[in-house]
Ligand code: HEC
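In structure tokens, one chain follows: the form predicted on its own.
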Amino acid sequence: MARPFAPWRGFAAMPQQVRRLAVVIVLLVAAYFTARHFLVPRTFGEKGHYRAAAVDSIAVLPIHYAGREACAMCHPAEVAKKAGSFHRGVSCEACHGPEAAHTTDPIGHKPTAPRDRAFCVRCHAYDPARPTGFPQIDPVLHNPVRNCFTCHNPHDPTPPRPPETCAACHGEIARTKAVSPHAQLACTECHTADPRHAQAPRQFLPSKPASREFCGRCHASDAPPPAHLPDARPPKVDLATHGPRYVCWQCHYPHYPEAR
């Protein structure tokens, strides 16, 4: 007489660790389908990887922002000027606030026009986390009693004159170098910058030393004292044996070299 089909007998004959793993897998699969049934919105996936009903929910929300095209209809000169300036990537409403109400009632609802220095420094106060070349100032030292718009047109904020020192934009580096062994070195000793760098810093990047021999002019074992600092005694190394695989600044931070 044939034995009745009893799959649990084969399950019971499995090694204990396999049975436990199988139970876990079954529970996970059950939890997945339960969550999918009760937690996933019913309209999810009908129009894409999102809840289709969200489109209707968003459509009934009040509109606050008008968009650049609406600004250009009535203010073509300002929009055209901004389009060719450093602020070309900044939305009009980033500075003037949401202006949908202004488009429907231009007289009754006037856009805000920032006049306070505190507004501009939200982007332009010095922050070492910002990308190299981003225009930054120290608000305490940079024309402290004048509003920004007295020198900079917000729609075309090109500086009235280029910064005279590197520290104007590279304040963190300047403060670091000022207390380092390289404090007496001018930036142009190691960097060559196109004059246009002051106006378009990220388009005209300054050069930086690309060979060990550059630093060896002062730090090679047979290098003479620096001509501009005849009393200096810089650390000396044998370029042939001291880290020959690397350019010096890969190990030593030039603006504060720790070696003495």
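This structure is a prediction, so every number in the text was calculated from the model and none was measured. Don't overthink the numbering: it's just position in the shown sequence, from 1.
Only in words, not in the display: the form predicted in complex with the named molecule, which the text now covers.
J.: If the criterion is a non-hydrogen atom within 4.5 angstroms, does every one of 86, 103 and 181 touch the named molecule in the predicted complex?
T.: Verified in the predicted complex; spot residues all in contact, yes.
J.: Do residue 189 and the named molecule come within 4.5 Å of each other in the predicted complex, heavy atoms counted?
T.: Flag for residue 189 set to yes.
J.: Could you tell me if residue 247 has a non-hydrogen atom within 4.5 Å of the named molecule in the predicted complex?
T.: Yes, residue 247 sits close enough to the named molecule in the predicted complex that at least one of its heavy atoms falls within 4.5 Å.
J.: Is residue 41 close to the named molecule in the predicted complex, meaning a heavy atom pair under 4.5 Å apart or at it?
T.: Outside the cut-off, so no.
J.: Decide whether residue 107 counts as a contact residue for the named molecule in the predicted complex under a heavy atom distance cut-off of 4.5 Å.
T.: Yes.
J.: Heavy atom within 4.5 Å of the named molecule in the predicted complex: which residues of 18-38 qualify?
T.: Nothing in this stretch is in contact.
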